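Starting off, we have a lone chain in the form predicted alone, written out as structure tokens.
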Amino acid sequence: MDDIEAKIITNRNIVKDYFLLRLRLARPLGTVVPGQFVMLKIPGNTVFLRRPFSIYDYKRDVMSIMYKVKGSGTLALSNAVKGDSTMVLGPLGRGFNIYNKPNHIVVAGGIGIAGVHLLIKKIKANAHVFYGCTDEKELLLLNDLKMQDKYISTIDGSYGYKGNVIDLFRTRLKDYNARDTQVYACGPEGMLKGLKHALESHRAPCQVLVEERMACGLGLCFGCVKKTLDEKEPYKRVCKEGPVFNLWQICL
């Protein structure tokens, strides 16, 4: 883990409020595990606290972050331009464990695709991806992913299955044997709750990347705790013990 100076290469608006930020780092991050994140200083002087972002992509000294404008921090970041300087602290947290299984299912909703992008690239042809978004336009977020098995749901029905991604996932779950399957997921808490319910009778192993507000990203402030089933230490820090957790060990 290092605090590294970086300069913006591009900060491109993909669709609606979604942006893809590419940064050139002063030195490499080192080994990055899919699911890990960085704490990014927002360029300029208007936002004091750093913001956490999943590592969308990384190669040598270039790192990418996909984000959605939701508040003052991401709004300020969306106005940053090529050449602006910033600082990147990372890689942070615990990422996904990739097990040797015939079937790797990835479930993502909306900006959740940013948290599993590196994972999908790593498992490549073995990835069965279920992605849910609002409408057909948001499928631009998948443009650089090459997958053999891709199942899409849109809330408005403009592409693929009409409805949410968990309902779509339920229609295909019977095709996968729990013993041969590993599930990975990233999305809003409501989606993760639905996924847990969908898998209750199937009981396939599942790892989820939990989204949570963070202040320090280092586990010092205990501002991002998640309740788990651990009787001795039920509250785990998302930035330290996570952001990836066993679905069957967290309280949703």
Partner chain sequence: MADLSVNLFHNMLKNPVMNASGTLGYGVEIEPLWKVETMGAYVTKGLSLMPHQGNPTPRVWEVRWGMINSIGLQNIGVEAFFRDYMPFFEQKNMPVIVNFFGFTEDEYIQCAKNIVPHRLIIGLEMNLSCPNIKAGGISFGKEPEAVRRLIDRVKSSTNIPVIAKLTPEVDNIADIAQAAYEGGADGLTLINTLPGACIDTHERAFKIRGGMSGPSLKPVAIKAIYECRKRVPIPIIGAGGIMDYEDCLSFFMAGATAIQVGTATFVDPFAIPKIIQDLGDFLDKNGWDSVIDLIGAACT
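Here the structure is a predicted model, which is why all the values come from computation and not from measurement. Numbering follows the first chain given and starts at 1.
Beyond the structure shown, there is the form predicted in complex with the partner chain, which is absent from this document and is the topic of what follows.
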| item | value |
| --- | --- |
| Heavy atom distance at most 4.5 Å to the partner chain in the model of the complex, all of 9, 117 and 144 | no |
| Proximity of residue 89 to the partner chain in the model of the complex, heavy atoms at 4.5 Å | yes |
| Residue contact check: residue 199 to the partner chain in the model of the complex, 4.5 Å heavy atom | no |
| Contact flag, residue 22 vs the partner chain in the model of the complex, heavy atom cut 4.5 Å | no |
| 4.5 Å heavy atom contact, residue 70 to the partner chain in the model of the complex | no |
| One residue of 29, 66, 33, 218 in contact with the partner chain, assessed in the model of the complex (non-hydrogen atom, 4.5 angstroms) | 218 |
| Interface residues of 49-78 toward the partner chain, as seen in the model of the complex [heavy atoms, 4.5 Å] | 49, 50, 51 |
